[in-house]
Each structure stands twice: as C-alpha cells, then as structure tokens.
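Let's start with one chain on its own, the form predicted alone, as structure tokens.
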C-alpha cells in the first residue's frame, strides 16, 4: 500500500544517512528529501541485494524546507547544533525526529533544537560507507540493522522500513541496548582512528587484550548506570567485535582520514563522565579519550 503522502527528510548524507536516504527513496513508497550542503540528483547504493541507482531530491538551504512527518537526523553527534537551522524548518508539532547517531541520551541531545517535535532514539548497527558524494555502501551486521524502543513512536519508525532491506528491531529495554552499542563504539572507533587501520586491526593479539580492558571498564559503568547486562557481558561483546568484517571502517576512522573532528567526546567522553558520576574508575578509556581528543582538536 502506498504511503506517498508521508514525508521524510534526511539530514546528513554520510555513509549511514546516504544509505538510509537511498534505501527509502528506492522503495518508492515515501516522499524523501535529502538535506545537505551540495545538490545531488542521484545516489548509487551498493548492497548485498544488488546495486541500485536512486533519484534524489535534495535541499541545500534550510530556508527552502517545510515541516515533514519524519526527520532522520544522521549527523555526527557533535554536529547536532549545526543541524539546528534545518531542524527549525523541518520540525512541527506532529514531526517525529529519529536520532540515528552514536552515543546515548539521544532525546536530551536534540531536545533544544526540535521544539514540540518528538525525539525517537535509535541504534544503528549497519555499516555505511561513503565511497563518493553520490555513492554509498551498506554492510549488514548482526540480526537487526537498527533498533528502536518498543513504543508507538518506535513502531512507527520501524514501519518506515517495512519494504526496505534494512531491518528494524524493537526492544522494551532500549537503555541496555544503547549501552551495548556504545560499548562497540568505545572499542572500534578509537582503535581504528588512532591506528588509521580498518577493523582488521581488532584481530591483533595486543588489541584483543586492549578490547577486553576497555569493555571491562565500560560494563562496570553501564551497570552502575542501570543497564541490565550478562555476567560475561565483556567477553560476549569482545567476541561480537572480533567477528566484525575485517575490511569495515568506522565513523571516526573515516573522519581521521579526512582530517575532520572526531566524536570522541560524545562516545568515550560520555563513558568517562558517567563513570566519574558513579565513582567508577575508567583509566584506560580516559587515556584513549585524551589521545582521540588531541587528534580531533588538531583536525579542527
């Protein structure tokens, strides 16, 4: 059944946002507009189901935007304030804003910018890579490509992808799952960024030891913050990370190669801050935060 009158705006056309915009656009069921700095009329999407080329409608000036049913906010977490002009024009009282960003506390992060709109936190698992401004690639990782809360808003977000080869799972314990995703990012992002190597580096014996130490600290903080985790959570997460595609990158890996600022403060910084609040020491993650912040500040 066509849902063509449902309007979806995608802010951020990097790997994750480009994949989402192209996938929804290719389905042809929704009215999709991409919001970015440069005009783009087509997007090539590489996916296991086959490569497709999708026509894109893009806006480059927030003044040309009008309220939509859904906003997919797919900027880096640290770039949320820079999306404020877009959010001001795209959001109305009935708008839902799917926060497709790394980190935790998604709703609190966007609340100052969306007025009466509703924030819908999401967890993105698929690996999206931007090959060129008009060319993206998706790798599926795990059983679900994304997760959302098992609420009316979360189910509505899942319905956007009903006929799209991107799966959206639902969970009643979104807090725990958000912490689990953060733990993945605490390992994969800093290590790939600091080494300037793709995820094959995670197989190195010394890096495997470092991974477990990062996760031990993260599990202690997550439990103190209310996450319900397994007794062997760190070992489970380490095994999951070890199984990731060796040729995959990470958001911070691509940012460091492009001399862009890193989202270290929103990822490792969040863990360190919450650990300090609960009195849980995080010496290794604090060291990684200092190193990645130095790289980020140098990139400006």
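Positions refer to the first chain, counted from 1. These numbers were taken from a predicted model, which means no experiment stands behind them.
This next part talks about the form predicted in complex with a small molecule, which is not shown.
Q: Is every one of 14, 38 and 263 in contact with the small molecule in the predicted complex, taking contact as a heavy atom within 4.5 Å?
A: Yes, because 14, 38 and 263 each have a heavy atom that approaches the small molecule to within 4.5 Å in the predicted complex.
Q: Report the residue, out of 83, 119, 160, 168, that has at least one non-hydrogen atom within 4.5 angstroms of the small molecule in the predicted complex.
A: In short, 83.
Q: Name the residue from 95, 192, 211, 127 that puts a heavy atom within 4.5 Å of the small molecule in the predicted complex.
A: Only one option qualifies, and that one is 127.
Q: Which is the contacting stretch out of 171-179, 149-157, 192-200, 69-77, given heavy atoms within 4.5 Å of the small molecule in the predicted complex?
A: Selected range: 69-77.
Q: Taking any heavy atom pair closer than or equal to 4.5 Å as contact, tell me whether residue 90 reaches the small molecule in the predicted complex.
A: Close contact is absent here: in the predicted complex, residue 90 is far from the small molecule, nothing within 4.5 Å, heavy atoms only.
Q: Using a 4.5 angstroms cut-off on non-hydrogen atoms, would residue 268 count as touching the small molecule in the predicted complex?
A: Although the small molecule is absent here, residue 268 would stay clear of it in the predicted complex, with no heavy atoms inside 4.5 Å.
Q: Quick one: is residue 186 in contact with the small molecule in the predicted complex, heavy atoms, 4.5 Å cut-off?
A: No.
Q: Taking 4.5 angstroms as the cut-off for heavy atoms, does residue 100 touch the small molecule in the predicted complex?
A: Close contact exists here: in the predicted complex, residue 100 approaches the small molecule to within 4.5 Å, heavy atoms only.
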